[in-house]
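Next up: a single chain in structure tokens, the form predicted alone.
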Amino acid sequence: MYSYNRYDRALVQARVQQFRDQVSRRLSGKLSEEEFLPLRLQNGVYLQRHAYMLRVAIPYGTLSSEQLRTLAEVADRYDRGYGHFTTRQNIQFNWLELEQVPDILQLLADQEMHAIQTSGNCVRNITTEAFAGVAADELIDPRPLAEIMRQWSTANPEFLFLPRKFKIAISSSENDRAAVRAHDIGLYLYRGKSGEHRLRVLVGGGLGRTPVLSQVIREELPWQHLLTYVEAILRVYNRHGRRDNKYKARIKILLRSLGVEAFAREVEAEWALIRDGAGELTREEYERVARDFGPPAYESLDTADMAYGRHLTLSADFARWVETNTHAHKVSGYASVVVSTKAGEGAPPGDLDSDQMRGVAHLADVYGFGEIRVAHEQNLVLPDIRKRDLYMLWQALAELKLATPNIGLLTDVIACPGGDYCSLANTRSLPVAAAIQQRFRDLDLLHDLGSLSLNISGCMNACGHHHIGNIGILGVNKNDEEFFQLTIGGQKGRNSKLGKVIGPAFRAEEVPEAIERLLEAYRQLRETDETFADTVQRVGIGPFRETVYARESVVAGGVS
């Protein structure tokens, strides 16, 4: 993984001292809250419903074991003993005192971490998939380019005050696991006809109040032009994006206003001015960064390990966990392990307590190469585990309550923190997630249902990405009551789709029953080996709607 050089360290340490001074002036009254607001936001500090929240950047979702231990220390010393991993591969601490935040940032900086640009109208954390560099279906490792973009975008003065927040994701596998089409800029890295690295550039994705999937504006972009082309897009957005209405300020609105062809022409014209300038990447610069992402010291292992095979045969529980919670590795004899944070009721999606963080860090050292990834789905990944060690690892994760065999299944719920923490949320999303996990605890049922994503957002900002869940749940407020609207048919990945609302919303206590009726319809309608998403695509939402609203009792509290 990438290690800071002296420039990185100098920047982050200087930023800590700068923010310490800003906090001191705010606490003394020399800065008003209005003056302090943009300063704290660009250092990842939010004022939430009950306390200050700090969002710590985890660039492209990669942590060392020592960094994860540092996050556990922050949780114990400054928070309430836990942290919340987000859909954009960051971690949030929700119960902080403002005067302590500079000390937290110093602790993070000493371990090559920061919270710079995790909020505010700037380029946010660059994301990619959690299996980058190790996935069997990967074309090219996208992490070097993700790191180059991180360095380029951090404290870049031209793009610190954009019309609105800006998110970039890059992927390079047969199956997009980075939700690329839901980002302001999405990048697919692939090999051209002669084997050279090329980029497909998509622009204008985003969820929230106006969900839109990104559109292609450039094919076959040579990798050397990555920064200049992204800069051209940002320049066009900076110049033409709306600043009078934050709800119409995202680049997706600009793209819709101009039309994709006109927008692409604007970008090409801007790019012509800078494409061959200082921003063009060189092979030397790429290799400088790529050296930090070289493969670890893998062993030469047999494809079939006798002990591993024996454990699979003797333990049905272990075999089930391997089926759902491991991912194919590009190196023979290894697997990537997904550590589920979704143990059920009482374990909010994405939350880990400090003991669990330290436990995962220890397991990463013992069984891997001291590296942990954060997945878009709010789980953790141990990227390089020998198959012969999987049984012992599974037992150790079970002791930490992190071995639930539900990855990619219904209870692998994605959910925002909702109204329990967030001052923007209309509703409490976590109790709904807990009720669904409680209702559908039967592992045999979950495996029979197969691949099925369920996403929950507590408001229209869509931090839970409910629009691209196979089942999406959106919290809405009507007359100071919480209701939840259901969508179905959403998908992420290369074939991304936005879900459609099936009908009137439900009270919180009615949601699990409504979900059960959706699943009842699916079991009746599906064909052999057909996923929930495939069934919805084939038959439409009508049959599902009819089953869900079949009984008046289910919609007694419904609203349109």
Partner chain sequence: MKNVITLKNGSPEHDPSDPWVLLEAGADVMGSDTPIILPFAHWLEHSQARAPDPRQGVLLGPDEDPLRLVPAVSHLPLIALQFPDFRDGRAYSQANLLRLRYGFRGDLRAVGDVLRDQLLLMRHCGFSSFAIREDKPVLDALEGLRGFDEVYARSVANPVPRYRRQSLKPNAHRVSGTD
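Positions refer to the first chain, counted from 1. Since we're looking at a predicted model, the values are computed, not measured.
There is also a form predicted in complex with the partner chain; it is not shown, and the following applies to it.
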> Just one stretch in 498-506, 28-36, 47-55, 62-70 has heavy atoms within 4.5 Å of the partner chain in the predicted complex, so which one is it?
Replying inline: 28-36
> Can you pick the one in T324, Q151, S451, S315 that has a heavy atom within 4.5 Å of the partner chain in the predicted complex?
Replying inline: Q151
> the partner chain isn't shown here, but in the predicted complex which of T210, N238, Q111, Q215 has a heavy atom within 4.5 Å of it?
Replying inline: N238
>> Would you classify Q106 as touching the partner chain in the predicted complex, given a 4.5 Å non-hydrogen atom cut-off?
In response: no
>> So, Y247 and the partner chain: in the predicted complex, are they within 4.5 Å at any heavy atom pair?
In response: no
>> in the predicted complex, is there a heavy atom of the partner chain that lies within 4.5 Å of any heavy atom of Q537, even though the partner is absent here?
In response: no
> Does the partner chain get within 4.5 angstroms of any non-hydrogen atom of K478 in the predicted complex?
Replying inline: no
>> So, a 4.5 angstroms cut-off on heavy atom distances: do all three of T228, G277 and R288 pass it with respect to the partner chain in the predicted complex?
In response: yes
> Which of the residues spanning 128-161 lie within 4.5 Å of the partner chain in the predicted complex, based on heavy atoms?
Replying inline: R150, Q151, W152, T154, A155, N156, P157, E158, F159, L160, F161
